[in-house]
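Subsequent text provides structure tokens for two forms of one protein chain, presented individually as structure 1 and structure 2.
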Structure 1
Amino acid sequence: MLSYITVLLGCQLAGETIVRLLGIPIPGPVVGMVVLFLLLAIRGGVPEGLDKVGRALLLNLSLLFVPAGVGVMVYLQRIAKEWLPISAALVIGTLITIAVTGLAMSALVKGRRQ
């Protein structure tokens, strides 16, 4: 199990290294996920141990929201002062995400029919 956690952390480190070396404006963990995906695609599947580690991490995912909750509590006064721009950014960002997802799905469905 420890070896598979090492694989996940190694992929994240590889992503961070690639981002730093190339100077691309993408988060390192995202590039690390692409590296992991490519490794799994080359291998032809997900090893059972990696699947177990991934499931365990997903079961405990709520723990990752604790720092965000603490951050909200620390900056509650600032959030209260700037609630309008924050709310506008959330609503506009959500609408843009829904629109882009819909357009992408529509394009993918059209491409699949042809």
Structure 2
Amino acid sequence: MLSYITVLLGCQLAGETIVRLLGIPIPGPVVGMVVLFLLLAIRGGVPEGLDKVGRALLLNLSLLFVPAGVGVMVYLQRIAKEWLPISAALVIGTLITIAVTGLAMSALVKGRRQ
């Protein structure tokens, strides 16, 4: 169990190192995710212990957002001031995205079947 936590932290460390070395503006953990993905592809499967650790983390993933989310209390005034652009971008932007993705995918899937 512990050694698989080391695998996750090792991938993250590798990701942070790659990002810093290459100076690319991508979050280190995202590159770490790609590193782990490649390792799994090379190995050709997910080891049971890694699966357990991953599951434990991902089942509680939502909890991990709370501490950062509470930080919004620092920005309450900004949200009150900019409520219109923020809520318009949230609602309209999200609905446009759902429409574009859904229509594109159903056209593509249909086109390939014919």
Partner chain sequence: MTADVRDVWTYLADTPLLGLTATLIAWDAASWIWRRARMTPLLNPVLLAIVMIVIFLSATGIDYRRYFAGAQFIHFLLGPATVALAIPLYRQIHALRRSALAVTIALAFGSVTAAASAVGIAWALGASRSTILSLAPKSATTPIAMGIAKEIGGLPSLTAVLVLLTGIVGATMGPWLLAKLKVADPRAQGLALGVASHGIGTARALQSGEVAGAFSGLAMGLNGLATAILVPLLVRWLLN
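Every residue number counts along structure 1's sequence, beginning with 1. Each form is matched to the other, and the largest set of C-alpha atoms that superpose within 1.5 Å is called the rigid core. All figures in this text were calculated on a predicted structure; none of them were measured in a lab.
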Worksheet, complete the sentence: Note to self: form predicted on its own is structure 1
Worksheet item: With both forms fit on the core, is the shift of the CA atom of Leu21 between structures 1 and 2 2 Å or larger?
Response: no
Discussion item. Once the core is aligned, does Val46 move its Cα by at least 2 Å between structures 1 and 2?
Written reply: no
Discussion item. Superposing on the rigid core, is the Cα displacement of Ala56 between structures 1 and 2 2 Å or more?
Written reply: no
Discussion item. If I align on the rigid core, how far apart are the two C-alpha positions of Thr94 between structures 1 and 2? Answer in Å.
Written reply: 3.0
Worksheet item: How much does the C-alpha of Ala104 move between structures 1 and 2, in Å, given a rigid core overlay?
Response: 7.7
